[in-house]
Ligand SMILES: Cc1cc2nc3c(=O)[nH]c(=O)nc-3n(C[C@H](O)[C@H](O)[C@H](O)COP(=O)(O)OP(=O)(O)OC[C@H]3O[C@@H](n4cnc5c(N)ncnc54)[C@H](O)[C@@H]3O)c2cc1C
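Below, in structure tokens: the form predicted on its own, a single chain.
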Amino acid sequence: MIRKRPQSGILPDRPTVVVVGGGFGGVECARALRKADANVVIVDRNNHSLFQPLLYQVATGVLTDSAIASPLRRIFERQYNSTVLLADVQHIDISAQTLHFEDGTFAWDHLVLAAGMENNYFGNDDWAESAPGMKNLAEATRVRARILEAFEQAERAFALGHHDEVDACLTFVVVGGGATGVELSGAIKQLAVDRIAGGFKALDVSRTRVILMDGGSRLLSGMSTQSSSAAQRILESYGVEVRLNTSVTSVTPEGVVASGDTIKSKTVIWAAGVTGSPLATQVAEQLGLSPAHGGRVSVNPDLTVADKGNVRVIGDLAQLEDPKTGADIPGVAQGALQMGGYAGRAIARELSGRSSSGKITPFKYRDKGMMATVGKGRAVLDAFGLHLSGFVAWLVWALVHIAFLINIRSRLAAIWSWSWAYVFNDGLNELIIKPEKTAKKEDSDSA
């Protein structure tokens, strides 16, 4: 007996559910709708879903791009009610129920906004050129190029007798003491000391200076004080300089000014904060809401917005208080995954007519813990009342991250890369790749 393949594509007689954003929450939401009698349309400006927590390993050459990203079309290849649109959403019209692209509009019956966050320079957007952040693969590749090129510039300056430039080339400033800043600082120091030092003959790059600064009183403010202290202790044992209660007031191509201190550095990396996608502000304003802290949108317990039962906001963009703790649900991967699954199931239930038969249970966040790596084979972890640090915490971190990677190929690539890096102190992607225009401009400047 030949099984009839379900009808695929966008069908006019089915309701259309549009998911804006192909990250953790968006993908999980679309997957939860796989059996729904609906057109499930995933819209993203990139053609891939990205495992953002490991971007810093792409930026430091441990992992390749494809190890932490997978094409959206591959992910949804066997979900016959799904369609992927590669498009940049310019505007969302709530009353007309349409998305506006540069070249047209697209109608929807249900909207799930999962567009994620962007780098936040707190009103100093001109700093972005000198201090790139890391929210996508393009930015991580750009950061990797800057890090690796700084070592090359240092060797060249030393060989040409420009000894006053060497220290600035070998000084790396990471602004922001959250998980990204902590993980990146340790990885840069590890890169310089353990992996590439042998390739530089004239210069001792192992003396690389890495400065991690944050405006708060401790690192990893979202974790326990025990983990914060352990992370700082481990970083400082590597030689990373940790500067707390430090405010950055200026960023230029020559370095930073922080709390009155001028630091000469050719490589400044921004990990100090994020803000919501402008689409979140559009939705909030159209519904008469004031944007919540960080450009997020206040949502109802069922993740709908205001009185719009067919508009949901999930993931980093959703501001919702956890009734168990009284604090906002954190903008982390596990929250996005849980919200995505909940939103998808709620829409599927509504489309099937089951929502009218009973009360919908509010979204409940299940905190499974927080963790961060702090260099080679070491991490800190808070979970279920436990506070771990060192190799055991790193092992748990590795297993959890492998489990949450999008597919088997990515999991195998990560296991291989980490094993190779751990045993041989070697990375798999230490190439300097720059956009053609940027490369030509910098080559002409240095000529």
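All residue numbers refer to positions in the sequence shown, first residue = 1. Model, not experiment: these values are computed from the prediction.
A second form of this protein, the form predicted together with the named molecule, is not displayed here; the remarks below concern that form.
Only one segment in the set 292-300, 346-354, 223-231, 110-118 has residues whose heavy atoms sit within 4.5 Å of the named molecule in the predicted complex; it is 110-118. The shortest heavy atom separation between Ser82 and the named molecule in the predicted complex exceeds 4.5 Å.
Although the partner is absent here, Ala336 is a contact residue: one of its heavy atoms lies within 4.5 angstroms of the named molecule in the predicted complex. Although the partner is absent here, Val332 is a contact residue: one of its heavy atoms lies within 4.5 angstroms of the named molecule in the predicted complex. Proximity of Ala306 to the named molecule in the predicted complex falls outside the 4.5 Å heavy atom cutoff.
For the candidate set Asp88, Asp204, Glu129, Glu77, a heavy atom within 4.5 Å of the named molecule in the predicted complex is found for exactly one residue, namely Asp88.
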